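Shown next as C-alpha cells: one chain only, the form predicted alone.
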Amino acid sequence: MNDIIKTILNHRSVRHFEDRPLTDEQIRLIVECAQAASTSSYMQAYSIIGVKNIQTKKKLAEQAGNQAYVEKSGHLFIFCADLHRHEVIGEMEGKNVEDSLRSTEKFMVALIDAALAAQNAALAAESMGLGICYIGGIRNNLEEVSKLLKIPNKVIPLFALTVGYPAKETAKKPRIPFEHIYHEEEYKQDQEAYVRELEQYNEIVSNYYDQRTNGIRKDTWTGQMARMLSNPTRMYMKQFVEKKGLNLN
C-alpha cells in the first residue's frame, strides 16, 4: 500500500464543486500527466479541449442532459479521439495514410489512447485533492457539441471530465467483486456461478442504496443494467463516426 494506490482505491465521482476555478498551473500539470500515459505505437491519437468559458460550459451541460455540475466544475476537459493530426502528417510527408485512418483498428487505437490519457488526468487531479466525474452525456448530441467546439474531421469528442474542489463528501460505490472480474488463465464460463456472483453483488449494491437513501432506493445492479440496456440510446453513433471519416473499413 502506498499513496498512489490509496488515491486509486479512494476514487468516487464528485458532482458538487466549490465555486473555485483551477489555476493554469493545475490545468497544465493535469494535461502533462495525461500525456504521460501509454500510447499505442507512439501515435498519441487524442486531443484534450479545456473549457473555462461559463457560457460554453452551460451549453455543454445542457447537451449532457442538464447536468449542472458540468457548468459548475472548476474546469472542464473534453477528451477526443483524434486522427486529424495524422491526416495532416500524411500531407506533410507525402504519404497516403487514408486507408489506415479509416480502419476500425486505428479508430480503436484513438479510443484507447484517449481513455488511457483521461484516466491519468483523473488520477493526477485526485492526487491533488480535487474531485472528478466522467461525463458521457456529451455524446447525446455530438453534432451540436462538435459545432460548439469547432471539431474538425477525423476527431470524435468521447467524454468530458469535470474537475474541481469537492463541495461535500461523496459515497464510494461498491464495485463488482474481484472474483467476478478477474479470470485466471481463461474466461470462466460456469453460468450458475456467474448468476450466483451477480446475485451476491446485487445484495451489496441494494444495501448501499438503502443506506445512502435511508430506505428510499434499493436498486440492484442487474436491474439497473437491464433497464438501461433495454432502452437503446445514441443509436446515431455509427453514422456520426463514419461521417467524420473514421471506422469505415
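Keep in mind the model is a prediction, meaning the values are calculated, not measured. From 1 onward, residues are counted along the sequence shown.
Missing here is the form predicted in complex with another copy of the chain; even so, the following discussion is about that form.
Among heavy atoms of F159, some come within 4.5 Å of another copy of the chain in the predicted bound form. Interface membership of L130, defined by any non-hydrogen atom within 4.5 Å of another copy of the chain in the predicted bound form, is ruled out. Within this chain, Q67 is remote from the site of another copy of the chain in the predicted bound form, having no heavy atom within 4.5 Å. Looking at T213, you'd find every heavy atom of it more than 4.5 angstroms from another copy of the chain in the predicted bound form. In the predicted bound form, another copy of the chain lies within 4.5 angstroms of at least one heavy atom of each of the following residues of 70-109: H75, F77, D82, H84, R85, H86, V88, I89, M92, E93, K95, N96, V97, D99, S100, L101, S103, T104, E105, K106, F107, M108, V109, in sequence order.
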